[in-house]
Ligand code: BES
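What follows is a single chain, given as structure tokens, in the form predicted on its own.
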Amino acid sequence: MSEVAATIDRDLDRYREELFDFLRIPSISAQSEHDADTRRAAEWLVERMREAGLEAEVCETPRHPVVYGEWLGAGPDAPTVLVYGHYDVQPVEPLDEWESDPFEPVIRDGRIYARGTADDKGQLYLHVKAIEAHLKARGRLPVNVKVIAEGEEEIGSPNLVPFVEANRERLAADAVVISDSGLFAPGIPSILYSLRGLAYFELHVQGPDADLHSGVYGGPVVNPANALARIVASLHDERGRIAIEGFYDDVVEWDEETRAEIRGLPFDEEGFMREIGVTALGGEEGYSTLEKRWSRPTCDVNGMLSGYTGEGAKTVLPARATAKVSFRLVPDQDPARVGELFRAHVERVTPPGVRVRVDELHGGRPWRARLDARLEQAARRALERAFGRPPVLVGEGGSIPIVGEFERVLEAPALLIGFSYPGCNLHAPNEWFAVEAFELGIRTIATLYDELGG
């Protein structure tokens, strides 16, 4: 590994300058005015992958292209690793909250500020550089490597699963490695072992045909806003549990050893509350804050709208009320089943005098790591060698639906090791990625290849 490490030391400044060039491309997949930029990012990435020593190409999809590259020189008896990442980024609005141009990277206090630094250009590109370091230093890798990078992750990856299914044999691998997550804390390397799924709905409550005068009609006419409030209030009991019949039937309870490991993490609850600006925490009784965030399901109202919301008073009895309600799911909950249970609950608790409709907006299954011993131990050794301390197992409250899809289609375990820091402003103004995290990520992945191919 010494010659690979020396190559990384020698070329690190160049790696960083190349990353800056990548970050300067405004590849915002959600905004059509940036379609040409998104394609330019794909073409730029293909060129850098070729320079690194991969055979690479732009693969067309109905919208933004997929970038694919491979190096298969280790032979059929060596393990094959598939690396996944995405080169598209979130919109930058509100622009006036950025302290510097979101597409002109700058380093402040050891952090690279720009859109896409942590999510996911910086984390994708460190994989390319780890591959390059091996090929430049040794002329070969100890494993076969395939890299797939999409340009639609930030809009729900509509064309990625069809691409993976159509290229199942080409993408075949022994493991899928993804860096689109973060460390538990600076200096504490992490292996992500769970992701929550999602079931997202829009709840519509309809009363009278039109808004009414609340003085003339208030009383006998059922107010849809009041009815919506009753429905929402019924979703939890006094202990913070979700009060939908059958909701917990498919929830897999974590074993006590895992729960104890979570409780042993150096989590500062007071600091957490200060960071987000609250004075108390709630949620389901009997579980720690980290367990509530990582391994327990939730039900939350994400938005409500009804009646008059402008300046001053308007005595209106609204004709309708709407709420957006999402459920974060854990293994082995199914979004479709949760939708059935939610609809049944809403129908049961809706008062007479209003009509209700539940529309499904989005869903994704939860995921839990199923790493074999060789892959997990290789990851642990690589992280410990790079960071100087053993990694911890962590969960993630958000969703990355494509992880489960890779495992389903390719029948290969997914290893999630990310390098962003907490508070790095993902999807928000002033997104950043630590300079040292970029370097440590390259060293970790380069070491991982040696561990897997040893």
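Numbering starts at 1 and runs along the sequence shown. Fair warning: this is a prediction, and the values are worked out from it, not measured in the lab. Between two forms, the rigid core is defined as the largest C-alpha subset superposing within 1.5 Å.
Beyond what is shown, the protein has a form predicted together with this ligand; the following relates to that form.
Under a 4.5 angstroms non-hydrogen atom cutoff, this ligand in the model of the complex lacks residue 425 among its neighbouring residues. The closest non-hydrogen atom of residue 413 lies beyond 4.5 Å of this ligand in the model of the complex.
Residue contact check for residue 218: none of its heavy atoms lie within 4.5 Å of this ligand in the model of the complex. Taking the partner from elsewhere, residue 129 is found to have every heavy atom lying beyond 4.5 Å of this ligand in the model of the complex. Site annotation in the model of the complex: the residue of 328, 381, 236, 111 reaching within 4.5 Å of this ligand with a heavy atom is 328. Site annotation in the model of the complex: the residue of 156, 91, 187, 246 reaching within 4.5 Å of this ligand with a heavy atom is 156. Of the candidate stretches 348-356, 190-198, 222-230, 274-282, only 190-198 contains residues with a heavy atom within 4.5 Å of this ligand in the model of the complex. Taken together, 180, 398 and 401 are fully in contact with this ligand in the model of the complex: each brings a heavy atom within 4.5 Å.
Annotation: Cα of residue 302 displaced by at least 2 Å between this form and the one not shown, core superposition. Once the cores line up, the CA of residue 144 ends up less than 2 angstroms apart between this form and the one not shown. Relative to the superposed core, residue 184 shifts its CA atom by less than 2 Å between this form and the one not shown.
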